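Encoded as structure tokens, the following chain is the form predicted on its own, with no partner shown.
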């Protein structure tokens, strides 16, 4: 192996929330890594599992409560319909940029070589079966197994 020069060789992304903005951030980062020739893996844990749950991945929302980037008071963000409005606006803006929907993006990630892992503990906690997940996941693993996949120089872990 050649001498390590400090370049990023692998991105290990942990996705713990399936809000639209978190899912797309993780997917864009993983896709960008692959476009630069960098290995990428995503570990879906806790509520991030909804991004790979066949019944939920098409119904993700934009968080309006507790999201300072929304620039609206928390009280307004919690009003009925605000989350739906924000989600609709976000989807329209993404369509203008020709962004794929979640399922299509998962297919793109898989085709580009991104490894997709579901968290065993979170699946047990939420009583999720592997059959409920996107067909292209690489497997269901523990956090320790995920960490072991992230060894080596040039590996970066990112929590989204």
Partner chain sequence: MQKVISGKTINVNDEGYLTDLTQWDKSLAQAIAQEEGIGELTPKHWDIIHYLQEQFKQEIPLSIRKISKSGVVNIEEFYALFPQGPLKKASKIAGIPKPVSCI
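Note that the structure is predicted; figures quoted are calculated from it, not measured. Positions refer to the first chain, counted from 1.
Note that the form predicted together with its partner chain isn't included here; everything after this is about it.
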| remark: Exactly one of 93, 131, 124, 36 comes within 4.5 Å of its partner chain in the predicted bound form through a heavy atom, and that residue is 36
| message | If contact means a heavy atom within 4.5 Å, which one of 55-63, 131-139, 115-123, 36-44 is the stretch that engages its partner chain in the predicted bound form? | response | 36-44
| query | Would its partner chain in the predicted bound form be within 4.5 angstroms of a non-hydrogen atom of every residue among 31, 98 and 111? | reply | yes
